[in-house]
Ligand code: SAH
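Next up is one chain by itself, shown in structure tokens, the form predicted alone.
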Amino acid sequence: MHRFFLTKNFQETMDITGPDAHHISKVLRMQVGDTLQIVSLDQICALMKIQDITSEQVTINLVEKIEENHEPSVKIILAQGLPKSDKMDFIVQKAVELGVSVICPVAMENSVVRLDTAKGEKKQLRWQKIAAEAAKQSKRDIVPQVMVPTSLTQILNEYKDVTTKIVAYEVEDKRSLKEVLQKPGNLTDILLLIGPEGGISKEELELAQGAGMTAVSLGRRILRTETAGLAAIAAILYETGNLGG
């Protein structure tokens, strides 16, 4: 069933306007009496029935609230080194489907892509739209936030209070991701740092470790940047009971 995120607090009768109204009426060709799911600004999920519909506005009424929670028990913040081409589009889409809460594109020493402020803000708008579409498709209860590209120093400062901080490092051969995840203690939030195509520099690794990040191996094979983060996210979700049962 189609799910839409509304930018207003929940009411038993609500209006959907703008692009979503057009999509419902003209693309999905839904009719009066059809049902859809919504998530309101105050994160209430509900099954709603269409009462009236035009291409500009869809009026919906409450059928029932949905109590089931689709969000992982662990909050994952993905700090992704900026990759080249359109790889970030793919990373954002799949990371949102898996269940990350925040995605932070990071300009790193070995990033091929260099974005000035204007280009960075334009890219962020595109990625946020991709995140919203992925959240709808995967029945998320939130639309994860995609940040404007920033520096590693800023990310480490912004998330200094996160309980578990991990950096995937291809040269690490002693400590596995599984070992870190199975340490005693509750995993409530995780900052995961993934380098760009050229990897994480020695200076960046030292900076990350100085901020409390633990370097881990993702296995014996070298993963592409667009694979590494998704593999790590899936492993985190599995180890915390949020994937596969």
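Worth saying up front: this structure is predicted, and the values here are computed from it rather than measured. Just count from 1 along the sequence shown to find any residue number.
One more form of this protein, predicted together with the named molecule, exists but is not displayed; see below.
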query: Contact at V32, T35 and M48 by the named molecule in the predicted bound form, all three, heavy atom at most 4.5 Å; finding: no
query: Residue (of S40, T214, S217, T59) lying close to the named molecule in the predicted bound form, criterion heavy atoms within 4.5 Å; finding: S217
query: Among the candidates V143, L98, I130, A168, the residue which, in the predicted bound form, approaches the named molecule to within 4.5 Å (heavy atoms); finding: A168
query: Contact label in the predicted bound form: L191 to the named molecule, heavy atom within 4.5 Å; finding: no
query: The named molecule contact at I200 in the predicted bound form, heavy atom, 4.5 Å; finding: yes
query: The named molecule contact at A228 in the predicted bound form, heavy atom, 4.5 Å; finding: yes
query: Interface membership of L223, the named molecule in the predicted bound form, 4.5 Å heavy atom rule; finding: yes
query: Interface stretch in the predicted bound form with the named molecule - options 70-78, 90-98, 169-177, 112-120, non-hydrogen atom within 4.5 Å; finding: 169-177
